[in-house]
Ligand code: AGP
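Below sits a lone chain in structure tokens, taken as the form predicted on its own.
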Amino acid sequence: MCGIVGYLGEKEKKAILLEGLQELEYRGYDSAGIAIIEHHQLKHYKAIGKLSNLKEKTKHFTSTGFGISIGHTRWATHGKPTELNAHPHIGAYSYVVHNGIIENYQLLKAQLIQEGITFVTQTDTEVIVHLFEHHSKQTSTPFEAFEKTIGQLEGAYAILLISELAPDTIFFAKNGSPMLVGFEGDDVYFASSDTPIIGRAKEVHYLADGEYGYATNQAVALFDATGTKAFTKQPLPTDKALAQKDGYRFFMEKEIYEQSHIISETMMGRVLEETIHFEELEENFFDGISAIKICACGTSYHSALAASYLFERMVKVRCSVEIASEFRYKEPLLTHDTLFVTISQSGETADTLKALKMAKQAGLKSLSICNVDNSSIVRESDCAILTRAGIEKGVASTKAFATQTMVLWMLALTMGEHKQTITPTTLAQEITAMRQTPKSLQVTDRLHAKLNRLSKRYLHGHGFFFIGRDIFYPLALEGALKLKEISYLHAEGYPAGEMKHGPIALADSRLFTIALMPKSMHYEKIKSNVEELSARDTTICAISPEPFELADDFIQTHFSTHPMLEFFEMMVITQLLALEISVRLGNDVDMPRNLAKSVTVE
């Protein structure tokens, strides 16, 4: 979602901020801004829309010599996406950038208004800068004022604050929203993720909740509720190659193509000759576990739904799947024999993180499946399995879904072997199928060209049904989500057998049905469901290894020996079809409207 960059040092600050913010574009944003204090002078620039608008505004500005600087890309939560509401937010002599939500901002705002302070924005963030300046009049040092400020804040925040009161200092604080500090010689960097400072900082400290401090050209100090702390520095990778498009039109397209390679990374060292091994899991990890509850949002929720079939079928344990934003408010029944699994690409999904904290407070054993090491969900969990998907810049997730599903498939086999609910023969068959997965994920020129041609037939009409059965129902949900995310066309995923229970009322010639028809699972059943739709003049696009005579369009698949191989091959097809439809409609595939990559607010 929102992105933060900060820099303290002698280098040209505008370039560092703008380049850093550009690395965070994939998170989604609607405005951006920077603020710099140099030679005791404070300057700032803000713009709505693309980062190119901010670059245009700052094209005649340069910075020289030592200075401090902060930058931000905003995705609107409180207040419309306007230049006034964009960060950095302004006090009389201070600026702040902030990710997260200040839950008690209205109370603080009312108190400050009573003190005679005027607010000019609709945001929760503006409270921070005014509260700091209010305290600075009553304390002996700016840092003391900053401590008092963050002590009054409730909610999630990652904060960088600069002030003319301390023109050589950046104040920082973290609670619930990600932020890190990077080091290279006398230079100090701040960011909400690694990518803005790769190639600049050599070492990094990932701030924990409750940590705060200040940075000057002489020292960087770190504190928490217990007092002064030492930095735990780690080496920072220096290669940005995975974040580049490598000749593809879009990051999303590149990420679809690289799934075949990435899935091998996910399996590497884990899928062995006769077993599945996660070095992250202790031998007795599943002892005492007789149920699984998976909590996730969006695409991760769909991978969880698919996995629920595998856990109940192969492990013979109850597996329920919860949407994190709903789970938090249903007063869920949590028992100690339940393994609580959270899934998140970024590891910063606010609703999922809150659900995890609820489960931990209830005493449940927790496991996270995530793509980002050192993320909040990973650090909060008892155990974490990384998907190894690499940087995913397309807002509409593709390889994250593939790798999450693969990890869950492997996890089901591991648990089944531990509980002796699958035979050695079945395990061997599953491992053989897993080893063929990279091939099922390959994109051929012939396939992509066909989907490009077909896409022109699906630009009009009143909507799409994606239908499937069993594990192909969650895949239908994910296919519909991908299409609506980037094409802005209405699409719904349904269990194929549910068509006659209401949705078939929409069937006519202007309704498009994307039918997932695997040969290895319930083929005759879903064939019958599709025939019902075809009889009502629906336009049918069948995806199957078996030719279907009633299909208006037919996309033939290859793998019919194992349901998961068909699952992954059909997944790629639905991703590419959504991509090509979106391209024909002239949309920004990588940064669709109203969406953000990492949803760090509730």
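Just count from 1 along the sequence shown to find any residue number. The shown structure was predicted, so the numbers you read here are calculated from the model rather than taken from an experiment.
Note that the form predicted together with this ligand isn't included here; everything after this is about it.
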Q. Of these, 485, 430, 211, 133, which has a heavy atom no more than 4.5 Å from this ligand in the predicted bound form?
A. 485
Q: Counting non-hydrogen atoms within 4.5 angstroms of this ligand in the predicted bound form, say which of 298, 142, 416, 182 makes the cut.
A: 298
Q: Determine whether any heavy atom of residue 397 comes within 4.5 Å of a heavy atom of this ligand in the predicted bound form, and answer yes or no.
A: yes
Q.
Contact with this ligand in the predicted bound form for residue 259, defined as at least one heavy atom pair within 4.5 Å: yes or no?
A. no
Q: Consider residue 346 of the chain shown here, and say whether it contacts this ligand in the predicted bound form, taking contact as heavy atoms within 4.5 Å.
A: yes
Q) Contact between residue 314 and this ligand in the predicted bound form at 4.5 Å, heavy atoms? A) no
Q. Any idea which of 265-273, 167-175, 110-118, 346-354 reaches within 4.5 Å of this ligand in the predicted bound form, heavy atoms considered?
A. 346-354
**Q.** Residues in 414-441 with any heavy atom within 4.5 Å of this ligand in the predicted bound form
**A.** none
